[in-house]
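Shown here is one chain on its own, the form predicted alone, set out as structure tokens.
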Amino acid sequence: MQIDFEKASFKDFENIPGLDPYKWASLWTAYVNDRTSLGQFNYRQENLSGCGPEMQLDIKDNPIRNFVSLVSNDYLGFTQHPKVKAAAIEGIEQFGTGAGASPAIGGHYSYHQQLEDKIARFFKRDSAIVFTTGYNANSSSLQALLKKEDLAILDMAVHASVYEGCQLTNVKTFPHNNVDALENVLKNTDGKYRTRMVVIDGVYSQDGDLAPLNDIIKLTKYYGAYLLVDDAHGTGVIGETGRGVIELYDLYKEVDIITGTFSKTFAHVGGYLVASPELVSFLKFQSRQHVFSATLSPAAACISKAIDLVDEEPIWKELLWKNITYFKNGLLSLGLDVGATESAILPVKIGDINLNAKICNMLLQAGIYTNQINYPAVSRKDARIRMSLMATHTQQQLDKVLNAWDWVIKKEGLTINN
């Protein structure tokens, strides 16, 4: 079996006919070596310092060690906040380094209960359940709630964890943020399934744009469906007090299920689901990845402090938005296409997977650490460099990035504002 590495994507290696997994791996290794030799495999860089606006990397054949980093979703910079670090250390000193069991049979501690109570109150609700990752919050909950008699209706741009969670049920998708298409699905499936659940993001991870939540709520209620909103990238960033797109539209009570992650604004790792007390109680014993997985370590005590800081120190969200406005205007002044972003995610759309990889490498050579996003994460024509901003980026750092983009444009003769 031959694969044209010049045109290949990760998806081409998922299931290769006629080959067993070891032969898949051999072919994959040849692909990685080929792309690496061309400077186009810019993944799994070894970070030598903690996540922040500047990071240390050790990259072969690159003399630079300190890079302006745009790869972290630590939007408010809380992973380095002294109070958050102190809370993690205190949790470890009190409880040790591990929970030692799954939640139902000995692994549920006071810091877990405090966290569930606090994240529920954060969204003005009564109940929540926490998971070891945000990925599990989506995948395991959907697997528990939707079966072969049911239907998941997904915005095409939702996270991979949602698609995995819907493997046990029926799935229909609608084009990204297309409310008319969503209504057509709801109308055509009315009365044909036991349960229908619409699943969307609040802020979408690749484009950084927002869901038209008000319109989607009206449709789901009118057609008798439920709504799950994953606002992992909106929490801490969007809304007057950082409660995300739900706060922007003041729809706390109308959204049936809220999911998210502690790995972005809340500076640690883990996930959560906020819903009615009955649904949360059900998931605590029916969500398999929750019931059969060890719980968050005592270091997760730091998450409660990060949640508090969103309200106690609003200056961080203000600084983040100052950076977003400045950097977005700078990219636009260069003629770059940033799409419809309204968040801390700034994509520059390139449109060609090989050029995208080349530009990512050029930026690394200029001391800028970014992510190349290619198919299947986005469509082939939507290949882009994705950059995430932090409250702790300085204007000097952002200017360095803008200057690097100016150099890339001139060196590659980019056709801009396609």
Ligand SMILES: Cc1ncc(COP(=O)(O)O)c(C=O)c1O
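Here the structure is a predicted model, which is why all the values come from computation and not from measurement. Just count from 1 along the sequence shown to find any residue number.
Another form exists, predicted in complex with the named molecule; not displayed. Remarks below refer to it.
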{"query": "The named molecule in the predicted bound form reached by all of Y135, S205 and G270, non-hydrogen atom within 4.5 Å", "finding": "yes"}
{"query": "Proximity to the named molecule in the predicted bound form (heavy atom, within 4.5 Å), stretch among 127 to 135, 288 to 296, 325 to 333, 237 to 245", "finding": "127 to 135"}
{"query": "Of T220, S263, N177, S72, the one that lies within 4.5 Å of the named molecule in the predicted bound form (heavy atoms)", "finding": "S263"}
{"query": "The single option of T79, T173, T169, S161 touching the named molecule in the predicted bound form, heavy atom within 4.5 Å", "finding": "S161"}
{"query": "4.5 Å heavy atom contact, L142 to the named molecule in the predicted bound form", "finding": "no"}
{"query": "Distance check, A232 to the named molecule in the predicted bound form, heavy atom within 4.5 Å", "finding": "yes"}
{"query": "Residues in 336 to 365 close to the named molecule in the predicted bound form, defined by a heavy atom within 4.5 Å, in order", "finding": "none"}
